[in-house]
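Single chain ahead, written as structure tokens, the form predicted on its own.
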Amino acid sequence: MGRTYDAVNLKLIKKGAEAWIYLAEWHGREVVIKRRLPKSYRIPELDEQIRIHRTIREPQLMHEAKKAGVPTPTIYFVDVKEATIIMERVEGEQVKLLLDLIPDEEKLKICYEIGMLIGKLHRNGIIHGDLTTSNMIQNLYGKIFFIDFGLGEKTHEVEARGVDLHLMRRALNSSHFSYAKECFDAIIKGYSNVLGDAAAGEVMEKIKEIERRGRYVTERKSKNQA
């Protein structure tokens, strides 16, 4: 992994497209270490700029999310040059796995809470960029943490909000198809509770528009291949 930052017992747990993720011990704490590796397909100078920019931006967004009332892991250390972030390890269950294990009533309660948390992000101009149940953890005390803000951004644009929630709906349909609609409806209720019905309705219209655009592209591809 390169520099170890006095970390011990490193264990690679995920090789993502954006970064590699390790579990480790660091100064007596259990931590997660996230390192963005160089991409050989990019121009080296551009690649370095992208990795540095995302390494700086991600902790900033996580800090702002926390101030907005959305739990995120505590950042302990950032090495911009090495594109590495050391952060708190949140002990708990990934929501993606949790939803399959709990009763329907509990599912809807958690999804409503997720919707409120998304609403708090959007109200404060924070777009997560990769909203999936894989990037949410319920800790040992029942609090839901949002993780992986690597593709996030700052904007109040309805388009960006729509894309965020479209990704959430798509993730539910992919991983939790049998109860995806009920869960997404609960998310939108929680979201509306924070942003209001008018703002939530505007975002829902944008989601429909995004889905129509996606169907149009798919249909054009199918026609071209026929």
Ligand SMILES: Nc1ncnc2c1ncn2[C@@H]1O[C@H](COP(=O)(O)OP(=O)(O)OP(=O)(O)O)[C@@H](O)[C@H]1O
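This one's a predicted model, so the numbers in the text were calculated from it and none came from an experiment. Take the two forms, find the largest set of C-alpha atoms that superpose within 1.5 Å, and that set is the rigid core. The first residue of the shown sequence is 1; numbering continues from there.
Below, we turn to the form predicted together with this ligand, even though it does not appear here.
S.K.: Just to confirm, with a 4.5 Å cut-off on non-hydrogen atoms, which of E202, E25, E211, E18 contacts this ligand in the predicted complex?
M.R.: By the 4.5 Å criterion, the partner-contacting residue is E18.
S.K.: Going by a heavy atom distance of 4.5 Å, is N135 a contact of this ligand in the predicted complex?
M.R.: N135 belongs to the contact set for this ligand.
S.K.: Does E113 make contact with this ligand in the predicted complex, using a 4.5 Å heavy atom cut-off?
M.R.: No, no contact at 4.5 Å.
S.K.: Is there any non-hydrogen atom of R89 lying within 4.5 Å of this ligand in the predicted complex?
M.R.: Residue-level check for R89: yes, a contact with this ligand.
S.K.: Any of the heavy atoms of G129 lying within 4.5 Å of this ligand in the predicted complex?
M.R.: Answer no; every heavy atom of G129 is more than 4.5 Å from this ligand in the predicted complex.
S.K.: Which single stretch, out of 90 to 98, 119 to 127, 103 to 111, 152 to 160, brings residue heavy atoms within 4.5 Å of this ligand in the predicted complex?
M.R.: The contacting stretch is 90 to 98.
S.K.: Can you name the residues of 145 to 171 that have a non-hydrogen atom within 4.5 angstroms of this ligand in the predicted complex?
M.R.: Sequence-ordered list: I147, D148.
S.K.: With both forms fit on the core, is the shift of the CA atom of E18 between the shown form and the other one 2 Å or larger?
M.R.: Shift at E18: 2 Å or more after core fit.
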